[in-house]
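Starting off, we have a lone chain in the form predicted on its own, written out as structure tokens.
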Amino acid sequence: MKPQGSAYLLAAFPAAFLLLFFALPILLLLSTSMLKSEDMVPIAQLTTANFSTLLTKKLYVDAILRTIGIGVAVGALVVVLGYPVAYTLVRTQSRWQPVLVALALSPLLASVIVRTYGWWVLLNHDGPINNFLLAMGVISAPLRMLPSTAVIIVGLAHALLPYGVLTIMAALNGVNPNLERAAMSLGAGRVRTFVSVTLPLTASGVIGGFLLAFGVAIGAYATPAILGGPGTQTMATLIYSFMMTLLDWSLGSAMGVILLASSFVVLALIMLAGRRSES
């Protein structure tokens, strides 16, 4: 068999897998989102009313904007917190480096739900943080930290931080430390060396870490459901409500399409910004 034929054969199985389990479900989701629903059953009648409902009612618009805001905040937080950790792990000369890497990635050993409930225990009305602040006399009454969008951001950033660290570490491993030493030998300080040399060379890792955290955060269900509750809806929790509680598959599919479109729009904007900065 010719080498070119072998390459096509090797690519055939993953291509078929993606077509069957990715492309076709998205097409089914898109088609369902355009169907009219009567008595909670989609019927063969095309309509745009589902999108009109989601994009005009304040409850749904707030959930869409809240979800995008959470995704951007989580992505930024993961990058800001993950970069120093990744830089330290890559540049350290300690013989304990493997142990430090394992400790940095150890949160992945616990389920997201377990970690989320850990935050719920810490931040609830009778949790350790409120009890400590009351005992120290800092506050006179327990703080109401749950439910809130800020706590959702903290919980998701904590859950996704290891992924950001891994992505940035991969970029930092491709940067020769001698470039940083050369910049400092020419008179650049540590801050200028980081801004002018290290950060531009690891921009791909920063962008990748942000996009990874953003994509997972806007589609997360467990953390917003536990830390946000009914009063702090996101697109994922609304999709679950439409599909499983209201049994309105058309409206749920439309929200799913909006969720996918939001991811693609942010991805396109970041890629466009990256190309402009390179030029």
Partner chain sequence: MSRKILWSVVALIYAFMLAPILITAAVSFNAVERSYFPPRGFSLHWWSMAMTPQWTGPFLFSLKLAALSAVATAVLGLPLALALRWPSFRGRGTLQALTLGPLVLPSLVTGIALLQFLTLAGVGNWIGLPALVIGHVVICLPFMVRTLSISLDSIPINAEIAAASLGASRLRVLIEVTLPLARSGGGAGMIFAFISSFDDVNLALFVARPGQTPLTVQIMQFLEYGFSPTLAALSIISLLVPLALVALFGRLVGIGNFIYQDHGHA
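For the two forms, the rigid core is made up of the largest set of C-alpha atoms that agree within 1.5 Å on superposition. Here the structure is a predicted model, which is why all the values come from computation and not from measurement. Residue numbers count along the first chain shown, from 1.
From this point on, the text means the form predicted together with the partner chain, which you will not see here.
Q: Does at least one non-hydrogen atom of Tyr221 fall within 4.5 angstroms of the partner chain in the predicted bound form?
A: Result yes; Tyr221 sits at the interface with the partner chain in the predicted bound form.
Q: Report whether the minimum heavy atom distance between Val61 and the partner chain in the predicted bound form is within 4.5 Å.
A: Although the partner chain is absent here, Val61 would stay clear of it in the predicted bound form, with no heavy atoms inside 4.5 Å.
Q: Decide whether Ile270 counts as a contact residue for the partner chain in the predicted bound form under a heavy atom distance cut-off of 4.5 Å.
A: So Ile270 does not count as contacting the partner chain.
Q: Are any of the heavy atoms in Arg144 no more than 4.5 Å from a heavy atom of the partner chain in the predicted bound form?
A: Flag for Arg144 set to no.
Q: Taking the partner chain in the predicted bound form as the reference, which of Met34, Leu212, Leu54, Ile68 has a non-hydrogen atom within 4.5 Å?
A: Looking at Met34, Leu212, Leu54, Ile68 one by one, just Leu212 meets the 4.5 Å heavy-atom criterion.
Q: To verify the annotation, which of these, Ala76, Ala203, Ala170, Leu134, has a non-hydrogen atom within 4.5 Å of the partner chain in the predicted bound form?
A: Looking at Ala76, Ala203, Ala170, Leu134 one by one, just Ala170 meets the 4.5 Å heavy-atom criterion.
Q: Check each residue of 106 to 137 against the partner chain in the predicted bound form and list those with a heavy atom within 4.5 Å, in sequence order.
A: The stretch 106 to 137, when checked against the partner chain in the predicted bound form, contributes Ser106, Pro107, Leu108, Leu109, Ala110, Ser111, Ile113, Val114, Arg115, Tyr117, Gly118, Trp119, Trp120, Val121, Leu122, Asp126, Pro128, Asn131 at the 4.5 Å heavy-atom cut-off.
Q: Establish whether a shift of 2 Å or more occurs at the C-alpha of Phe264 between the shown form and the other one, with the two forms superposed on the rigid core.
A: Not so; Phe264 is displaced by less than 2 Å.
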